[in-house]
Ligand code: TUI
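Presented as structure tokens, the chain that follows is alone, the form predicted on its own.
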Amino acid sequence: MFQSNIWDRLNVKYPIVQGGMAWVANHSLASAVSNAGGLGIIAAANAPTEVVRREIQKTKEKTNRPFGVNVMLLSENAEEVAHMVCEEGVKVVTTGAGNPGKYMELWKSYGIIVIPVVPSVALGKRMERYGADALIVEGNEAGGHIGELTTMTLVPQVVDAVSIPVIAAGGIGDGRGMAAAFMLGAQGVQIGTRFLVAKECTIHPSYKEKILRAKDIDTVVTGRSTGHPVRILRNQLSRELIEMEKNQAPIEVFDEAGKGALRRAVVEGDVERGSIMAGQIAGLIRKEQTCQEIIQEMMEQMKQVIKDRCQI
């Protein structure tokens, strides 16, 4: 019942996409997810084009399975990266923070499968008109930059509004969440926060430890007043940002306070002044595993949950 034309086209064994997390989703994580049967993703973010190219080449050295690249369309390097993925023979592109319409013809001419990340029905319908092959529909339970709607309410509305496959994201970290996503009409899931604690994930150990110790109420959203809400774990930085918003600090001051904060957390391990992006599902994660173990556990749990419910 979980066979879908999109997964046949992607040549992926399991309906699991790894989130394109900036500073996190590199060749080590992407190749491990792909080798485990999911779809690994390299995050281009704001990295120089040649840095992204090297990540792609390193991934090819570690896996012969399909993987993709997440192109952040508001990046000043987006144009170069959009062409570079064609040169490197990338099979899948996911997009965020912008409109991929101007690159769609190019990508299609190279046979690339395009899957935009969307936070609303309207944007999902627009992406379908532009020629997207599928959609990653992300609820605001997710970590990092978020929209306003929850996964539970957003996914079925997008499923009803479009004719292309929907992949659910946001607040999904185990087999129960996968089963729920399928019941809402999704044909797969995107996983971000749980892969942060994968053994192949190269983020700083202090970042991983914060995820493993997180409780259900430990994430907070900053930046709503600026129009760019971001979900992170509570720490000194989050408290300062929230205080700035309460005091209606100029957006320039707010942005300066958060400048470089994600790198501080991911690379330097500064879990007080760094931005520890994580979804609400962090409170459910309690162990570090390999990508293979994570995916197998999720698939087995999902199948058992559905089997049990079908007997009711």
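Note that the structure is a prediction, hence the values are computed from the model and not measured. The first residue of the shown sequence is 1; numbering continues from there.
The same protein also exists as the form predicted in complex with this ligand; that form is not shown, yet it is the one meant from here on.
Between the options 171, 165, 147, 175, the residue in contact with this ligand in the model of the complex by a heavy atom within 4.5 angstroms is 147. Taking a 4.5 Å heavy atom cutoff to this ligand in the model of the complex, the contact residue among 106, 221, 97, 152 is 97. Looking at residue 117, you'd find a heavy atom of it within 4.5 angstroms of this ligand in the model of the complex. With a 4.5 Å cutoff on heavy atoms, residue 239 does not count as touching this ligand in the model of the complex; it lies far away. At the 4.5 Å threshold, heavy atoms of residue 126 reach this ligand in the model of the complex.
Within 4.5 Å of some heavy atom of this ligand in the model of the complex lies at least one heavy atom of residue 74. You can rule out all but one of 195-203, 179-187, 118-126, 76-84: in the model of the complex, only 118-126 has residues with a heavy atom within 4.5 Å of this ligand.
For the partner-free chain shown, just 277 of 268-300 comes within 4.5 angstroms of this ligand in the model of the complex, judged by any non-hydrogen atom.
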